[in-house]
Ligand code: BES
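Only one chain is given next, in structure tokens, and it is the form predicted alone.
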Amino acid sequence: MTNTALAAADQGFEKSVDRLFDFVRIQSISTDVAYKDECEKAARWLVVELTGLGFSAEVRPTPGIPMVVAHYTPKSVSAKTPHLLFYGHYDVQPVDPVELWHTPPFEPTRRKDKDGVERMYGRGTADDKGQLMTFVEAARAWISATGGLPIKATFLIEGEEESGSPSLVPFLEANKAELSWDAAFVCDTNMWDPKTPAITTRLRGLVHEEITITGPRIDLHSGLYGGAAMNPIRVLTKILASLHDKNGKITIPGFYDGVKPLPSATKKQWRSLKFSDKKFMGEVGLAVPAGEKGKTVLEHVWARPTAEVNGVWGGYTGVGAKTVLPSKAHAKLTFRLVGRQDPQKILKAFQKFAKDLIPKDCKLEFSGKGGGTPASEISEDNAFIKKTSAALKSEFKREAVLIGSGGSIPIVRSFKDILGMDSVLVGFGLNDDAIHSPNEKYNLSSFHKGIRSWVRIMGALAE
């Protein structure tokens, strides 16, 4: 049955590309209210496509941009037929700066580049319309070739992912019974390289904070007050410089609570990837990793927590000199979390750390907006991951790599905490897809292999 569906996917591939291009032409930018109608148009487009395949599909209202929910139950099911949730998003990033695009961002273009690789260019070709359509087109191949899907499926497609998903958690909580199934599949990730599939099993969490230090009540003349009055920038830089020791370790007391050593088997697999620390650093004009000594770059970005300063300002920053001793100094910070680190405990530990370094004449304020998301780690022994890995190997003729991600995908925690489901993260993007940037692209092979891979995964999960 799977081979029959694969043949249908190949035969219908050109029409799959045409449908993706129709989808990309819809300017569904969720961060700009001027495009609200376009977002709703994209939601309706998906409902029409999924309804045509036999799904029961609806546009569901939210306080912001609507969700699309679609259900499919094959004619022949048993108590053992798995019911799986497939998640993606139809909204896209703004296109600015538009003058840097080589072709219009919402007029998708297909071309073979000088390296012989055929690519599709346009906003959303990869993030996430192209990735999402690998789900849809795989379902189409199964249904057209065999009369139905081999599994029960629910599609949850949101329209606010690029604007922080403000409606998602309330929607999951309100529709828990309808959306809680055996596992969730997320398509918003990358392969290891163009020939090697990957399953992401580690996602770092995130907590952010902004601090303001106030010294004198007004800016002061540095000649009249310099040396006598405490400079808040001096206080701020002391706090920031104290965050790390000489070996790159974070010095906040209790910061590493909940951080476990990397399993030896995982270390061994990551070493087998032949990742070049030197090349990775060199591509951004650096040479020496700044993380904890004794750890590889992959460990730094996939498996270790961070404390980073994202912005610092205070005093006079205009052209020329102004001999001022500022009243205030500010900094923005983020902490990437791993393992069982608790975002609120990390936030409180940092706040105490900063308070302990404040002299009597200065006042410290926090933004009060330091919410956070814990890390996600999915067991590599998960049965859904094992079946997915085997299906990917069948398609790519090489083992799927189990990788981490330095970034955060909050939906994965929400699926676990609200719906009680683990997630399997499989995508077919590449690091050079320029998502969120001008000239976003998706390799034609990524789209084709992605469709074929989901055909195989759906078949494997039904067994």
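Start at 1 with the first residue shown and count on from there. If you superpose the two forms and keep the largest set of C-alpha atoms that fall within 1.5 Å, you have the rigid core. These numbers were taken from a predicted model, which means no experiment stands behind them.
Unshown form predicted together with the ligand; subsequent notes refer to it.
**Student:** Only one of I409, A70, M67, M421 comes within 4.5 Å of the ligand in the predicted bound form by heavy atoms, so just point that one out.
**Tutor:** Exactly one listed residue reaches within 4.5 Å, namely I409.
**Student:** Have a look at S405, S437, S394, T62 for me and say which one sits with a heavy atom within 4.5 Å of the ligand in the predicted bound form.
**Tutor:** Partner contact (heavy atom, 4.5 Å) among the options: S405.
**Student:** In the predicted bound form, does G227 come within 4.5 Å of the ligand, counting heavy atoms only?
**Tutor:** G227: no contact with the ligand in the predicted bound form.
**Student:** With the cut-off set at 4.5 Å between non-hydrogen atoms, does E209 touch the ligand in the predicted bound form?
**Tutor:** E209: no, not in contact with the ligand in the predicted bound form.
**Student:** Mark T201 yes when one of its heavy atoms lies within 4.5 Å of a heavy atom of the ligand in the predicted bound form, and no otherwise.
**Tutor:** Result no; T201 lies far from the ligand in the predicted bound form.
**Student:** Quick check on R336: any heavy atom within 4.5 Å of the ligand in the predicted bound form?
**Tutor:** Heavy-atom contact with the ligand at 4.5 Å: present for R336.
**Student:** Heavy atoms within 4.5 Å of the ligand in the predicted bound form: which of the stretches 261 to 269, 347 to 355, 156 to 164, 78 to 86 has them?
**Tutor:** Stretch 156 to 164 is the one.
**Student:** Within 167 to 206, which residues have a heavy atom closer than or equal to 4.5 Å from the ligand in the predicted bound form?
**Tutor:** The stretch touches the partner through D188, T189, N190, L203, L206.
**Student:** By the 2 angstroms cut-off, has the C-alpha of N310 moved between this form and the one not shown once the rigid core is superposed?
**Tutor:** Yes, its C-alpha moves 2 Å or more.
**Student:** Superposing on the rigid core, does the Cα of G371 end up 2 Å or more away between this form and the one not shown?
**Tutor:** For G371, whose C-alpha is compared between this form and the one not shown after core superposition, the shift is 2 Å or more.
**Student:** Once everything's superposed on the core, is A184 shifted 2 Å or more at the Cα between this form and the one not shown?
**Tutor:** A184: C-alpha displaced by less than 2 Å between this form and the one not shown.
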